[in-house]
Structure formats: C-alpha cells, structure tokens
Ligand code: M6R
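Consider the single chain below, provided in structure tokens and representing the form predicted alone.
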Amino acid sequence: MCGIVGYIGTQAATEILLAGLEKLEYRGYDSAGIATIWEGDVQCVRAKGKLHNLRSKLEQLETPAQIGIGHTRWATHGKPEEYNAHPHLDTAMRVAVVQNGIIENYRELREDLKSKGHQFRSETDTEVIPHLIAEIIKKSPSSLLDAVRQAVSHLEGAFALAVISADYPDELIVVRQQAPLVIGFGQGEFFCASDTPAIVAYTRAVLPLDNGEIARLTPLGVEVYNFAGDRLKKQPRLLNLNPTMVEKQGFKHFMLKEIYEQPGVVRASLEAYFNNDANAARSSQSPINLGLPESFYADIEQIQIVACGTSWHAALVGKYLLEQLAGISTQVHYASEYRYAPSPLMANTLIIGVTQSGETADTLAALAMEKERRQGKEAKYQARLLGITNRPESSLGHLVPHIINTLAGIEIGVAATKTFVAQLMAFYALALDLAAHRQSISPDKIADIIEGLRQIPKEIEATLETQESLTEQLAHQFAETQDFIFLGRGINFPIALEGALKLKEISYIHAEGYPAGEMKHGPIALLDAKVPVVAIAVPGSVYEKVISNAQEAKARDSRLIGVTPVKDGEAGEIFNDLLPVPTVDELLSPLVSVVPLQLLAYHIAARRGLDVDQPRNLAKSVTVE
C-alpha cells in the first residue's frame, strides 16, 4: 500500500520525486525517503512521519542529481521508524530499492544473505532485495537489469520495485508483480510511479506494466522485458486526466472537495449508463447500457459479491437492489474471508468484485481463486466474472472480462466518499439492467426509478446546501465524544455501517452501525447519556419501525440525531437534532442519506484538529493481505 516514484532525465530529480510523493501520500505516510545518484555515490535521505519532515531534511542537502527513486510508506514489516523507511540499501550502499508490496520469503533470504556477510539495518522485508541484487552483481556483473531480473526470481509475494545503483548511474530498473506500477514518457526523461497522479503534471503518455514485467529506463528510452528476459513490444497510451483534478481547488481538504463532487459523479453515471430516450425506458428493451454482451445475462441464478471496507457497504446496498429489483439471490462476502471459506460451487453464478482502486489484494485474490477453481468445470459452472471499479486500467481490469467503470475521477482523500456513491450508481444500473432482461419488474417501474435517479444530483446539492452549516455546528458538541451508534433498516442499514466507518476512519471515535431492530437484542446495553445515536429514518416500508427503535434509544437517555426529511409530527418530537434530507423514494434514499453522515464525520474530525485526508494507520489502496 506504499507509494513509489522514480525519475531519470535532464532535470534535478529531488523536487520531481518530492512532488510525486505528495500525490502518493494517500497510499501511506508513516515515513518517506528518496535516493539519488551523484558523483558516483548513492545519496539516501529518509524521515519518519509525514512528507514535510523529509522535505525539511532535504533542504540541507541540495544536489543536481538527475536520477532517483522515492517512497512513502504504510508500515507492514517493522515499526514506522526512520531506520525502517525506504529506500533500502545494500551493505556497501551501492544499490537502492523502494518497494510496494510484501516479500513473503524474506526471512529465508535474510538468513542466507547474513551468512554471506551482508549486514542488515532494518526490520523490513524490503531490505533483502538490495542485498540480493548486490550479491548477484558481485558474482556476475553483466548488467543491472539482469541482476534485478535474477533477484526477482528468488522473491515470493506481491511487489512493485524501483532500483538504482551507483555502479549503473544511467539506469532505473522497475518491476511489477501483483502490485501496480506505471511508466511515464517525457522528452528525454522518464518516470515511474505507483499511480498516475504522481506523474500527470509532467506527462500524459503512460505505460502500465503488467504482472511479470521488468523495464529499464535510461535517458535514451524504455525497454520492457518479461521475467524470462524476452524483449516485449508495448505502446504507451495517453491519459485523459487534468492535473487540476488532483488539487483541492479552494477546499480545506480533499475529502470535503470530493463530498461536493458527488452530484457531478451521479450525473456522469446517469449519462454513461442510462438511455436518455424516455420512450425507450418504457419499452421492453433495457434502457441501460453497461457494455455487457447479451450472453452475460443468460441463466444467472445467483450472485456472489466480494469486497472490502466501504466497497463492502456499497455491495450490501447492491444486494438489496439485485434481490428486490432483479429477483436474484445475492450474497455479499468480505473478500479476506471468502478466500479461505468460499461458497460451494453453484451453477450459473455471477461473481462480482468491487474495489475502488482495482488493486485491493484480498478482492483480487478472491476473484482469482474463483476463476481457478471453476476452470475445467462444465459450462454452467464456468466463472462469470464482473468488476466494479474506479480504475478500469487496474489489475482488476486485467483479471476479469467485464468491468463497470464507476466514473468518480481521482479520489485523494483516504476515506472514500464520491467513490462510494459512484459504486451505488453502478449497482442501480446493474440491478435495473438485470431486471429489464429478466422482466422481473415492469418497464414502467424501471422508467420511474430512472426518472427518480435523474433527480438525485439536485437533491444531493440541496442536501449539501442545508447540511454544511448544520453538521459543522453539531460537530462542535461532539469533539470529546468517545462512542457513537448509527441505526438503519432495510436499504439504509448499509448506510448506517458506512456512517460509522467514516466517523471511525477520520475522527478516531469508536462508532458502530446496527440494524435498528437489533438494538434490543444486546447493543442497547451500551446506551446512556454519553452515547449519541444517529438514526436514518426515511419515509417508506420501515419508517415507523425505525422511529420506534429510536424511541427505545431515547428512553435510555441517548441524544438522538435524525437523518430524515420529516421535520414535524413524531419525528420532530423524538429527535434532539435533525439533519434533514430531501424526500425521495425509499429505494433511492441511500444516495442522499449518506451525505450528512459524510459531512458529520468530516466536521467532527476537522473540529478535533485531525488530518482528515490522511488518517492514521490507513492507506487508500490496500494492496497487501
């Protein structure tokens, strides 16, 4: 989950590396470091904590070096201390390596290298790599590329690497194996990074490496090989990405900016997924176009969804939609659990993987396992795989044959907001598309739902307009609160889970989401005057039930906050505080009810003086198990 960046060219590398790392800090910020080659030596500077600590140290060491690598770390092996920060060097300090991923057999390699005289300075798995490369160079110094390729053959795990050596000052070697890495092409200069935001300010021409590929970057060009050493012919592509998309544009934090981008995300989804012809929407044909072949829809009897974190919550809403609209039995699994206890093989099963980044290790592994265990089975048991992601060019896009692109644009804030709403829109489109093909609901009903979806952007805008000041004022009263409870029922139960997760992630307040009807079966024991309760109560099939459950909480002295469009009557009397949302169909209500919960979490965290965009211990893309 770390971020790596590299540069070779005609400019001073240090500032380019630092600028790239700033765009990758969402991938980890326990420590950071860079290594450059200057006057025949590797110069390595590292610092514990946020990137500004590294920048302060580098101000004392100005160098015009034109090659270098950088790293921002999310700690896996070893504490977040400077001695564990990347880049890591060999004993002679001639080879420097940065890594994103995990080397699973590092203990055996470490002991073998120590027996050969190599001295280790850290607790990390990464440090074995520069020592291993140095050992190979010592025995057969043919080229840095060949030494790295040989070293990679000894490594087990998932990793992306960038390597430089003082003995090969005009080469930058990069490797991809189950962890993302992209190469950028400039004029006489070349870049590498874990993600495109790190290099988009310098180039739009990029080449994502595939698994099992290694590349040599020199001032003269880029050569790509497979691990067997065969030269590959690959062409870069142009990014459709504006550098301003990764700027705050006047907002205090990326998270707040991304919350406000949600109406645009919904509009983009509506334009991409839904036919604008009102008559077509009421015909027997599906008014949804997800780019899926007609054979995709045949004979689906059940759906299995694998996801993690916020994507898991979106999948729970998806389950509700797929079952209630399309009439297909659907199960949602934590990808990390599904890998080790998969469901029995069933015929005609659609398996959906949901991951914002398309790089979530557990989700990818669960899909790969499902693909493998169905291989060679009779046709009805063959894997039918679909991915829902914000990055169709990611590892997920290479693993599964069909992708729904969620069109959220770059999301920098670690706590997912607009990508969650984008995933919900993907599930609305998929459920309605399946419903149309299966004729499980009428064309008129589908048309009515789509028309309701078309009103959602302005409803979210109305919610943002009314909720910004309300949630900010309310947040002042919870700066010292230690526990929160979130309640929801039906389609809004996953929104209660998501609201609790957002609060935990960025404010570090303990929060739990529960089905409102389950409170009396145990969790109600937690309630007292110090534990506020947020209840999502929207008009519909479970409205009265939620109100009744909220009254049970109020009877235990809890302060009640209502996310509801109802301002009078019973709701107005029972709730201590109201976060009003527009009145929409209950089926569509998650798209608006989540917004005040995002804002409440944001303002509480900001009021507590916390780093909203980079909460402790978290990273944007979880690329390790």
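The structure displayed is predicted, hence computed values, not measured ones. Don't overthink the numbering: it's just position in the shown sequence, from 1.
Heads up, the form predicted together with the named molecule isn't pictured, but that's what we're talking about next.
Contact annotation: of the candidates Ile446, Ala500, Ala415, Ala179, the single residue with a non-hydrogen atom within 4.5 angstroms of the named molecule in the predicted complex is Ala415.
Exactly one listed residue, out of Thr126, Ser311, Ser507, Asn549, brings a non-hydrogen atom to within 4.5 Å of the named molecule in the predicted complex: Ser311.
Although the partner is absent here, Gln262 lies well away from the named molecule in the predicted complex, with no heavy atom inside 4.5 Å.
Thr360 belongs to the set of residues with a heavy atom inside 4.5 Å of the named molecule in the predicted complex.
The named molecule is not drawn, but in the predicted complex it has a heavy atom within 4.5 Å of Thr355. Contact annotation: the named molecule lies within 4.5 Å of heavy atoms from the stretch 301-309 in the predicted complex, the single such stretch among 517-525, 301-309, 316-324, 216-224.
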